[in-house]
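Encoded as structure tokens, the following chain is the form predicted on its own, with no partner shown.
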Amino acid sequence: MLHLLKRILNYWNTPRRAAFVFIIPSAVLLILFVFLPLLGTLVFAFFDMDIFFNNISFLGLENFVRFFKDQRAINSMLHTFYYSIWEVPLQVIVGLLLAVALQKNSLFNKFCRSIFFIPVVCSTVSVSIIWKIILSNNIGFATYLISQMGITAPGFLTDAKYALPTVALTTVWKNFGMTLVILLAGIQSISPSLYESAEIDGANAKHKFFRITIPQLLPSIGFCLLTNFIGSMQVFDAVFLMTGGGPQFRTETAVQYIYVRGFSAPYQLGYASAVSWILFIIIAVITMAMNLFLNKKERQYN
């Protein structure tokens, strides 16, 4: 028995084989909770079925064709893009500007970094509820302050013109701390000799920012853009809690529409699965295009 155990340990006692020991648990979790459900939804997308698996019938591509005739589904995709256009650039810009401002390791800067990171560790549910109360037309502190200045407060969460941008801003407030930390790490890894050389050549702060900081940060900026875009295209909880998709579905996002179709009566799980795959394909295509563009830009500067 000891001899067999020794042979097993010797077999795995190499860097290449030992790596699999650490990879296997994560791989099993990914297979069980990501890849198998993903394949399952692909199968469901070709059937007319509900969450109770009653009255199952094969439809082929009919669910996918139905999406392009469903104006509410198309609008939910457009709302998701609109939300992403607000959320992604704002989060990266805010994170970048604060990372540049807080790059020195002074006590005050470290304190500010900690404060800005606190919303990241808070749950989206609690943050959404708090901001919904603050921005409420009836009891909101923000609307009260605006009214005290003699200005009629807009319906931040009830007016379709302001609702999605407002939700996007609250999401930026919650998550920019993570972007700040990533970009700050990138800035601090830039060689000081580059800035010293630029100063010798007479470069001012503006030139150093656009000619050194931005080009050197492109990998980090690209990572933030990609991850934030993927997250924003899957937004659900913030919109669901703050606006519920209203007014009149004007803030309903793609994932919220999938949830309503699949898990509310009449429980059209097959159609919801088809819409989720369409969303997956859209995110994958745009992400790959963004990745190719960002890699091209990185090669130009390198």
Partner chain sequence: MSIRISKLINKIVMLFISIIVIFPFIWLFITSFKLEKDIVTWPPKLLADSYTLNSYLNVFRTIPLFSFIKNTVIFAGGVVISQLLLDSMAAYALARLNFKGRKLFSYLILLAMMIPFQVYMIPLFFLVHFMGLLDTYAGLIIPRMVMPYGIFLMRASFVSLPKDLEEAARIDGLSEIGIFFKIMLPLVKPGLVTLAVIILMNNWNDLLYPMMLTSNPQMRTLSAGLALFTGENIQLYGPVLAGTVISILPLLLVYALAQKYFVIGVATSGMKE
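Residue numbers count along the first chain shown, from 1. Take the two forms, superpose them, and find the largest set of C-alpha atoms that agree within 1.5 Å; that set is the rigid core. Treat the numbers as computed from the prediction; the structure is a model and nothing was measured.
Keep in mind that the form predicted together with its partner chain is missing from the display, and what follows is about it.
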Checklist entry - Hey, with its partner chain in the predicted complex, do 88, 149 and 215 all fall inside the 4.5 Å heavy atom range? => result no
Checklist outcome for this item: Exactly one listed stretch (199 to 207, 79 to 87, 161 to 169, 175 to 183) reaches within 4.5 angstroms of its partner chain in the predicted complex by non-hydrogen atoms, and it is 175 to 183
Item to check | Option touching its partner chain, based on a heavy atom within 4.5 Å in the predicted complex, out of 120, 74, 194, 93 | outcome: 120
Checklist entry - Given that the partner is absent here, does residue 59 sit within 4.5 Å of its partner chain in the predicted complex, heavy atoms only? => result no
Checklist entry - Taking 4.5 angstroms as the cut-off for heavy atoms, does residue 53 touch its partner chain in the predicted complex? => result yes
Checklist entry - Heavy atoms within 4.5 Å of its partner chain in the predicted complex: does residue 219 have any? => result yes
Next on the checklist: Can you tell me if residue 47 lies within 4.5 angstroms of its partner chain in the predicted complex, counting non-hydrogen atoms only?
Outcome noted: no
Item to check | Residues in 129 to 159 with any heavy atom within 4.5 Å of its partner chain in the predicted complex | outcome: 129, 130, 131, 132, 133, 134, 137, 138, 139, 140, 141, 143, 144, 147
Checklist entry - When the two forms are laid on each other by their rigid core, does residue 78 show a Cα shift of 2 Å or more between the shown form and the other one? => result no
Checklist entry - Core-aligned, does residue 149 move its Cα 2 Å or more between the shown form and the other one? => result yes
